[in-house]
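The form predicted on its own is given below as one chain in structure tokens.
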Amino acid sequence: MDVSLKMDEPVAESLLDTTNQNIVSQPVDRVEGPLKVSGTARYSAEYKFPGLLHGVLVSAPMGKGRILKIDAGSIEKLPGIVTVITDYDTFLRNPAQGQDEEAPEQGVRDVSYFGQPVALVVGESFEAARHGAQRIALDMRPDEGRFDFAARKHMAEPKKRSRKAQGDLDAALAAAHATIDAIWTTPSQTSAAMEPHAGIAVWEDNKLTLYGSYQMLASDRLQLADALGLKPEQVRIVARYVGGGFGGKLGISAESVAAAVAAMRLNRPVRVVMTRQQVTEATVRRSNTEQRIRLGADAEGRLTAVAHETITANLDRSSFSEPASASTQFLYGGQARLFLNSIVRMDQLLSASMRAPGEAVGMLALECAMDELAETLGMDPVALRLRNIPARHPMDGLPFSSRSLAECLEIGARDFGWSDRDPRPAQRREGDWWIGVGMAAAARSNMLIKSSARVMLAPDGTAVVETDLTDIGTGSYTILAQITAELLGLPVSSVEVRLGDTDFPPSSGSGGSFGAASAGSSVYLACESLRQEIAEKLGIAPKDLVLTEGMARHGNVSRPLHEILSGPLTAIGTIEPGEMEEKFVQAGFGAHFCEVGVNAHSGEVRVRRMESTFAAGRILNEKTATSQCLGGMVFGIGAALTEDLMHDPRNGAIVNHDLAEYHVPVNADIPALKVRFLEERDEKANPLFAKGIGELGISGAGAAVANAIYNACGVRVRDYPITLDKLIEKLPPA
């Protein structure tokens, strides 16, 4: 039975509030955890096939140019080399963006950025293929490239339809009691997922199966089919486990098409795994940004003007630009408003969505600007934010579906001990360390994406869930098992969840913090349909049915499922967005509070404690949600203090293209972090009453660190990351 729901109306009542199994929201351990820690969870590069060949991508050694010849003869005598695969028209210039249904730009004879994959060396072993890729001779003609962002930013062009304006901004700023007008810059960043991009392509019976590390299989399948000139039904993608994504694996990348072309030509399975350097150089990055924030407020601290203008960078013919003002547009009030995104065309690797696109870097600027405005006004930063929470969206007037920002600010401040803060900078010294505290709000838009799932209930009281949703380390297997167990009255151990296969019903995929709520809602609908079918067999109303421990009860009558069902029941549930996303502003909110130490001699920064409070509808699993928020907070600390993907302005090459030189936070950088969730339900979001949580944790987190640094030592740095060289010369006398 197929059942669907379009979210045109609020859901009056969620079954999760009536079944009383007490499974959803609990901190259930990851059901796939034992497989991962024992090494038996199979990732994309770990499948075994007879006759498996190994491919290594050949990367362009210049930032702009044209390939005249790739000399396969230069390596053909090396031991273990099978062949060199070149396909100048089919190979991908760059990866695809998330949710695209067509192939990304193809064609690699013309090199558009340093490290662009241009060929594939295939060997009987990985070592042989790697040796060949390192030795192969490339004859290239260099062209003049565009590599220096600072020298080209004056050539930025406004992105179409990105400009949003309201009121007379200049007049509002001129009349304001206090103003802020400053520029914040953020560098390029890389997702740095633990598992590199990898794929094994198998061509058999005129069909291609790709075992790949991807986040959104339904659209990835369409991209891959389009790139290869195949019909979608000829392509299957399998991604049972994905070792992290953060947006870097939303669309197909070079290794998928290269492996597929090789497999189709050689009629043997071909595995291609990117090196860490290739992942950094040739997948996607978060664009560097230059953001100008202008704020105006009256004497009571009410915002009268808000402007957020962003310059980003991207390849030619790539429309994505980091939406840095995404949360600025609705987080605070103010009548006069201006938002604008502009793009500088560069010969550097593709800019695309990286965890919390927009908010992750946009709130690094906005929430520091709010801190500066609070100081200018002589107001407490928490009080300033509370005073400017709008009743409705400041521009389109839409109401919020639910919003607990004020509660997050107030409870977070109370629990952190914010009232003990000395607002004056450089007032607290402990030995060699200046100590300070800072805070920032968090906001992340909530989305619902069309998603389907199949649920099968057997008479023996076991259930199977199938959807092509991927688990990228977020807990998808566990959450879908919890929802199914809750609604069908089963223990979690009796639910088998099958994910990551395009043979299963197409889901939203994992990204944008919408995977759990979207796919989870489709599972909810399928289970609701199964409950209705069981109720019909019993001749009772669905609301009178109680399912628990493999038994169906109504009133004082209790019967085991095997007496009711002659065979398995199957239902497919489909959720899709509707008028609720057009009639309401949907977002999760939070507040970060942070304490740092700044070394009085060196400028070294250490985060001493950080506590964050979030409200994001129903929390589906307290443990996995906490883990996601902790990871987001670490992401924010990294953005504030360490992460900086550096481009050589002479040729666009990334000079710190591995984890030895691209500095993500490690255990020694992070203290014990604290996360708390507020009770909230959002009946306008989906039948689960849940909102996305994965990217909310990063939003604003880095700004809280930056504001704490200023409170500690009196130095404001608007150029991220805040490394000691940007502090040391401005520190108070030691």
Partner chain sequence: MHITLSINGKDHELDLDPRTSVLDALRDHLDLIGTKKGCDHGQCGACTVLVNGRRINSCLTLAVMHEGDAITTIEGLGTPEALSPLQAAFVAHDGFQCGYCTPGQICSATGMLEEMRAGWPSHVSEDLLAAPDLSDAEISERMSGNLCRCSAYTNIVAAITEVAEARDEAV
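Positions refer to the first chain, counted from 1. Everything numeric in this text was worked out from a predicted model, so none of it was measured.
The same protein also exists as the form predicted together with the partner chain; that form is not shown, yet it is the one meant from here on.
Sole residue of Ala45, Ile70, Val58, Leu53 within 4.5 Å of the partner chain in the model of the complex, by heavy atom: Among Ala45, Ile70, Val58, Leu53, a heavy atom within 4.5 Å of the partner chain in the model of the complex occurs only for Ala45.
Among Thr502, Thr304, Thr289, Thr624, which has any heavy atom within 4.5 Å of the partner chain in the model of the complex? After the contact test, the surviving option is Thr624.
Region of this chain that lies against the partner chain in the model of the complex, out of 251 to 259, 188 to 196, 577 to 585, 154 to 162 [heavy atom, 4.5 Å]: Of the options, only 188 to 196 has residues within 4.5 Å of the partner.
Check Tyr662 for me: does it contact the partner chain in the model of the complex (non-hydrogen atoms, 4.5 angstroms)? Flag for Tyr662 set to yes.
Evaluate Phe246 for contact with the partner chain in the model of the complex, applying a 4.5 angstroms cut-off between non-hydrogen atoms, and reply yes or no. Yes, Phe246 sits close enough to the partner chain in the model of the complex that at least one of its heavy atoms falls within 4.5 Å.
Check Arg130 for me: does it contact the partner chain in the model of the complex (non-hydrogen atoms, 4.5 angstroms)? Yes, Arg130 is a contact residue.
Using 4.5 Å between non-hydrogen atoms, is Lys36 touching the partner chain in the model of the complex? Because a heavy atom of Lys36 falls inside 4.5 Å of the partner chain in the model of the complex, the answer is yes.
On the criterion of a non-hydrogen atom at 4.5 angstroms or closer, are Gly98, Arg221 and Val492 all touching the partner chain in the model of the complex? Not a single listed residue reaches the partner chain in the model of the complex, so no.
Counting only heavy atoms, which residues in 607 to 635 are within 4.5 Å of the partner chain in the model of the complex? Contacts from 607 to 635: Lys623, Thr624, Ser627, Gln628, Leu630, Gly631, Val634, Phe635.
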